[in-house]
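As structure tokens, one chain now follows by itself in the form predicted on its own.
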């Protein structure tokens, strides 16, 4: 397999102080192991992360911008889902 045929992988890193993985970029790799190793070399050179996820791009599916209203508008009438009237303690900083 030539490098032109290598699939594209999406890379997610969880930072040392983070609670979730964040998308940091994409790379081409021949297989899963190479994708993880390349992601480590490219995106965690300064020991920023504690966990790496790689997902082959063809397995990532996204909504269309034109579907925004149908997907997200129904939640607007459920005000209890929005934390606008809750008092949160200061020590709770991951909300």
Partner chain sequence: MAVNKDILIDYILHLADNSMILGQRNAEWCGHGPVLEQDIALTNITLDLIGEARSLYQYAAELTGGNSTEDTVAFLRDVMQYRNTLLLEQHNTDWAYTITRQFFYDVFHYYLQEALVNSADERIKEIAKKTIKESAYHLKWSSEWMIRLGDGTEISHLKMQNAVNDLWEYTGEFFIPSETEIEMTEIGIAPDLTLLSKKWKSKVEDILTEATLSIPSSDFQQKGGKKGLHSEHLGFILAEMQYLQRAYPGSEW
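Positions refer to the first chain, counted from 1. Bear in mind the structure is a predicted one, so any value in this text is a computation, not a measurement.
The same protein also exists as the form predicted together with its partner chain; that form is not shown, yet it is the one meant from here on.
- The closest non-hydrogen atom of residue 42 lies within 4.5 Å of its partner chain in the predicted complex.
- Using a 4.5 Å cutoff between non-hydrogen atoms, residue 34 counts as a contact of its partner chain in the predicted complex.
- Within this chain, residue 54 is remote from the site of its partner chain in the predicted complex, having no heavy atom within 4.5 Å.
- Contacts of stretch 8-30 with its partner chain in the predicted complex, defined by any heavy atom lying within 4.5 Å, are made by 27, 28, listed in sequence order.
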